[in-house]
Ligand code: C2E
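So this first bit is one chain, no partners, the form predicted alone, shown in structure tokens.
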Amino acid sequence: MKSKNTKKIEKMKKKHGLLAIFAFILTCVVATMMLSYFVYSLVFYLLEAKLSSEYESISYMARIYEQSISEDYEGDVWAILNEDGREYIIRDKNGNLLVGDKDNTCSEDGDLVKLSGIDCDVEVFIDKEYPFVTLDREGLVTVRMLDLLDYIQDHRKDPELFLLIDDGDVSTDTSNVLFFESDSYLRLPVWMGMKVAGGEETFIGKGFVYIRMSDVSIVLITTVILGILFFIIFMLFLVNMIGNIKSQKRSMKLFFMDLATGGHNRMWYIYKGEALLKKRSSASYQYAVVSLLSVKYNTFCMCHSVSEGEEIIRKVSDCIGRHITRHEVFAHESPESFMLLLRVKDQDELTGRLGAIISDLEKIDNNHSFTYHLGVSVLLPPRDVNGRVLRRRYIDLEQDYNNAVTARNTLNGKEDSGVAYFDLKLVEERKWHDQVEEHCREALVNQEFLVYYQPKYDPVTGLMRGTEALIRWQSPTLGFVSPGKFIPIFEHNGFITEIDHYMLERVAMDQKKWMDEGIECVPISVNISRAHFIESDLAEQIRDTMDRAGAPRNLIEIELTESAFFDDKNALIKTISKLKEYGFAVSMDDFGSGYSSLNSLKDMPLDILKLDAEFFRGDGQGERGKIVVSETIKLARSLNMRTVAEGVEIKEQVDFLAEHGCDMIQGFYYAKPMPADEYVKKLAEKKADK
């Protein structure tokens, strides 16, 4: 089978060509029919007019003969009939000759025809010596023109066929008769009969169709002119058809052309690639569908210009073209990406060829460094149950290329060149991504998202001094889902901002409920996503949420991830200042997870600094790690900021942090994240179990 786009392209290619050919053939057929009909109608009209005139003379002779029979005519009827000089015969109803020359040239059988101006049917007999006036299949009188012309070629001086009129006299001397002379005639014999004696006999007279040569000239000249006109129309349509086909080819060439490189585009890649994969000779080979991305192309265009970027892309296209064989295709898809279809024997050959392509591409410009990400989807030869190679039937190159892009996207964020291969794991990840997006809004309405709480303890006293609110998803369809499996998806599609509001409302409601129950609460930190800080009224939204629930503002701590500090700095400072003004504490989460900026600590009016859990992975941090942690705690204290260490799991880490003045510890050493009912019990106790 062919993909939908391939079918559309083939339909488009055939449509215009077939339409032009059909129009050409139709015009030729119609013109031929019109020309034939005109000539036939003209000949038939002239012939019928001549026959009608002859019939009057022959019918007059027949009436004289019939009168002589019925009225006991005493005169010499034969003398009267012979005066006209017309040859005639009389037959009985069985066809036996009663009167006339037995060597006459009248055919034995006749056919009834209808002549214009004659009320009755006329029986017409063909002359056996000059059988040129005859009947066609429909029973209409016609002239066998081709046979007549052939006869004339060989009998130019036949006195029975030609007459020459000179000064009103008819001459039988045809030695000087020239074909098409205005005073020469063709004399074509035909026999016409009518019933007499009550139908017992048939009187048959020999008539002649006189055709003036000048009339024939007019007919032939008219026919030639019409033929010339037909030929001109034929040529015009032929030229137009050829022009349409060429125009269609030029249109298809432009349709498949990539304007930036002068090469081919995505549509050509899909169309030609699928045709290539369908070939029987391609069945035994592996094919690699490759998506190639120039990683730094957009940055280059921003720093230089789009025109210079297009020049680089043309170099990339030329470089790739040198690696492509006649059994392969490639095309430019977008400003920074290319599509390749490579034929290889095995994985080792594919790896080597991709490495060679990357190596050459990295050298296309001596003044700039470029790297490339390649996503690859391998198409293995199809086989039957016995292992025999089959011809590829169903091909969807667009889907295969999408798989290659999916593999390439796994390299996002990496600066170096790399190759990623598509496998079923990526399909499962994509399916999971789609499932999460499909169910997330319904889950929010049904309150499937749960708030888990993880306490923070003072490492010196062991008392609970704070808590972090964490989200979990209990889905009836997907089961229990940890945040690491859905939070990145929500951050990508923007749904995370709705989760932020949901968490704030739930935490505020829980705080209010516990306070009403007489439980002494501690501040709970709630993560606010980076995407939320583009809203200028974020501080007001948080304030109003807490006020609606009736929870004290000083019991809510707003956590910002370190990455948020690399966005609009002024807007961030303004929002933090408003939050502090409204009575909220503000903390920086995951400090040390990225490229932390001391300027962030200098400029941002933060209350709490949370040290990233990576500082405390493993049994020990190493001397350099301890120095960094201790100095960070000291720096925070100097800036009137409290510190929280998260991810702490062993006693040695607790002792180290307590020794260096860390204010709070959050980690499995004290408590795991827990549902609200378990957390309330911990909250009532306040003291750590350790």
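Please read all numbers here as calculations on a predicted model, not as lab measurements. In case it trips you up, residue 1 is the first one in the sequence shown, and so on.
Missing here is the form predicted together with the named molecule; even so, the following discussion is about that form.
Trainee: Among the candidate stretches 337 to 345, 187 to 195, 498 to 506, 439 to 447, which one is within 4.5 Å of the named molecule in the model of the complex when only heavy atoms are counted?
Mentor: Careful reading of the contacts points to 498 to 506.
Trainee: In the model of the complex, does Val376 have a heavy atom within 4.5 Å of the named molecule?
Mentor: Val376: no, not in contact with the named molecule in the model of the complex.
Trainee: At the 4.5 Å heavy atom threshold, is Thr202 in contact with the named molecule in the model of the complex?
Mentor: Contact check for Thr202: no, nothing within 4.5 Å of the named molecule in the model of the complex.
Trainee: Residue-level question: is Gly647 within 4.5 Å of the named molecule in the model of the complex, judged on heavy atoms?
Mentor: Answer yes; at least one heavy atom of Gly647 falls within 4.5 Å of the named molecule in the model of the complex.
Trainee: When the contact criterion is heavy atoms within 4.5 Å, does Asp603 count as touching the named molecule in the model of the complex?
Mentor: Answer no; every heavy atom of Asp603 is more than 4.5 Å from the named molecule in the model of the complex.
Trainee: Can you work out which of Ser294, Gln511, Asn527, Ser587 has a heavy atom no more than 4.5 Å from the named molecule in the model of the complex?
Mentor: Selected residue: Asn527.
Trainee: Just one of Ile487, Cys319, Cys521, Leu276 has a heavy atom within 4.5 Å of the named molecule in the model of the complex. Which one?
Mentor: Exactly one residue meets the criterion: Ile487.
Trainee: So, a 4.5 angstroms cut-off on heavy atom distances: do all three of Thr27, Phe230 and Met241 pass it with respect to the named molecule in the model of the complex?
Mentor: Not a single residue of the candidate spot has a heavy atom within 4.5 Å of the named molecule in the model of the complex.
Trainee: Suppose contact means any heavy atom within 4.5 Å; which members of 650 to 670 contact the named molecule in the model of the complex?
Mentor: Residues within 4.5 Å: Gln666, Gly667, Phe668.
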